[in-house]
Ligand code: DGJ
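Given next, in structure tokens, is a single chain: the form predicted alone.
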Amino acid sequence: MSIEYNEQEQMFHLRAGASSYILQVVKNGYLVHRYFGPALSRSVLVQPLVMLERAFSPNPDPADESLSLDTLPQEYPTYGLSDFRTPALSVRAAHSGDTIDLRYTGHRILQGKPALSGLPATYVEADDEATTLEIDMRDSLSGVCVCLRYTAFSQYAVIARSVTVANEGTKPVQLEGVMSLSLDMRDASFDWMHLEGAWGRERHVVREPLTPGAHVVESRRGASSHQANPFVMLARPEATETSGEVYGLSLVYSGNFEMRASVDQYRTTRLLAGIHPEGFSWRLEPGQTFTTPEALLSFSDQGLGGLSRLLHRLIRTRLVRGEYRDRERPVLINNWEATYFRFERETLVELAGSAAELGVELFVLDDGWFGRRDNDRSSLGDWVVDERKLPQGLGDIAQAINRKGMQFGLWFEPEMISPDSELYRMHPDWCLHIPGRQRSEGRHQLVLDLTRADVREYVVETLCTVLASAPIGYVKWDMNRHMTEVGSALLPADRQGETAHRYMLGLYAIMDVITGRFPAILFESCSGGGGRFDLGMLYYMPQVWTSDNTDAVERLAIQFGTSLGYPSAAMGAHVSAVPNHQVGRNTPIQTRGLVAMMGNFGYELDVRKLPLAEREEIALQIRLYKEVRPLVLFGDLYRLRDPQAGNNAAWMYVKEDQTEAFVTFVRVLSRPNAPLETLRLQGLLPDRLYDVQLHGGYHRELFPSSIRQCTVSGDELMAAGLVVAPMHGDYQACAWRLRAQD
């Protein structure tokens, strides 16, 4: 069993992969954190918890002046007692004010991992994969009870945490803030790493030292957002891509969130994660419960890369579900940048036929196929085919695409409603709004109120009707507007603070039904690109459109940052036309292709209009990608050059048995008389010989024959490195295939 309880010391030791997590019940029933880090051999910590009397730190027990909640490393601190740090739980109760005093009352150790009702979460396929600890804590005055849930995975250095709050009292209580996780760490010698951005510039890595005070990553937009991401790292200052201790924190949630690292006057760190408390409240009647989203704590002493690969494997195999979890994803072409709203049936069939000749496997019809959707000002919610563009309906166009040897896919934006729509004219109260307030629009649209059962039923019914009307193999589920005037017409005034979270519960319920009814469809999440790239969405849809920005140079930082916490199998990455529609840059087709091969590969351009040489290049790209697709989607990723740290980017994928690898190098700007580059590879078998082949078509004439094709031992490739020959011009790239000899 991976969780041990020492009754004499009242100490719990959770072993998760190569890590240990230890907590303890101390004097007066307080639950404290003792350790999280590399695995320890003994079941208990011999050295005691040191408590000191501190000035201006009040004592809950007058007989023990060394005991203060202000300095105690608590597992789940509350508001209103003698801890002045940020709490994990804030409750307002008529008979106890804002003060909740939680004390340990008991625990259970369970084999396996219970599901979280109505919420996405990691899972196990057999009970021996994990062990779960449930700790009960109670406030005797209010009757508020808290169950702290910890699941330790046997094969992964990951602890999954969630919290259930129950009202076992006789009067209602109001939850004002309920974090999924709190972790008090003994020191503050960390770098705070997070992913910041904006639309078209998502998930750029920020790394800065922790300093006294608060470091916060948050979203109050009703979505995890382009601007922030519910994933952070605490890395030791000396930690690099390949070595050093790194802690990860991921939240399995898609709505408003807060992640906070606070350093106090004694240089200890409190880490918090959960639903953003601003704008949140939840009324708990007697007998009712509230469960938080799941948070994942992870640890690696093998640097940033070690933690990433650990998370990639867990997410791919124990968060993502469905038929496409372990299946290769098709190479697609999306008509959006080729036609935008202006298309007709024959245009689409011609575009699909041209793409099929090059090896594309899936054609996606994007925005504009429904209602009277000639621009972005109308028709969201009216999910009925526009017969002006498709006079014979979706079934006809889908079958025409199928006859080209391709699957057919479709774009939706199910969570939105246009003021200029038949749906809005019939149901103006179906959007999020506050009576008497202006209804702010974004992209000429409003947000449907998914807290309402009638709205959810409409979304499910209309989407399922469309999906059943044609042979549809793929759905792009978009969301292009953040929440304002967050109110629901059906919730009473004292429960309006529940709207944003109830919206997420409603969305998850809709996705659960629709993906369950159509298990053979590949669903891809999108929110103006990467505005909702989070583990909550990946639980229902195995991939996300990484960014609306398809420029190859911009995508380097976006995809590298995303890869810190998310696997390549989750990233949608496409080749688009030049000049690029977002930044106006011209990059070679081969570079655009290699950068897009970092994820689920596809195209967003009009292949009919390309010169013959570029069409031939695309055919080569698709052939190469199909060969390396298993490596990209299911192999181990090693980041070799950070595009935010210099002029170059490089990465490699290695098969699980280490017998194959795919290496990519991108040089952004050309420099005169530049030094030679050497890539020290990773993840290979040191005593095996590898046949190394430069991929054809990428400036082969500049590479000596000894570099284009050679046989090299794994230890030489990792220690001495792989030579990159000079390349002429800006935005150049090359790639190598490696295969171990028998």
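Just count from 1 along the sequence shown to find any residue number. All values derive from a computational prediction rather than experimental measurement.
Not pictured, yet referred to below: the form predicted in complex with this ligand.
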Site test, Asn480, Gly529 and Asp548 vs this ligand in the predicted bound form, non-hydrogen atom cutoff 4.5 Å: yes
Interface residue in the predicted bound form among Asp101, Glu361, Asp366, Glu245, criterion: non-hydrogen atom within 4.5 angstroms of this ligand: Asp366
Of Tyr150, Phe523, Phe560, Trp411, the one that lies within 4.5 Å of this ligand in the predicted bound form (heavy atoms): Trp411
Contact stretch among 614-622, 471-479, 667-675, 172-180 - heavy atom within 4.5 Å of this ligand in the predicted bound form: 471-479
Contact of Arg207 with this ligand in the predicted bound form (heavy atom, 4.5 Å): no
Distance check, Arg443 to this ligand in the predicted bound form, heavy atom within 4.5 Å: yes
Exercise: Trp336 in contact with this ligand in the predicted bound form, heavy atom 4.5 Å: yes
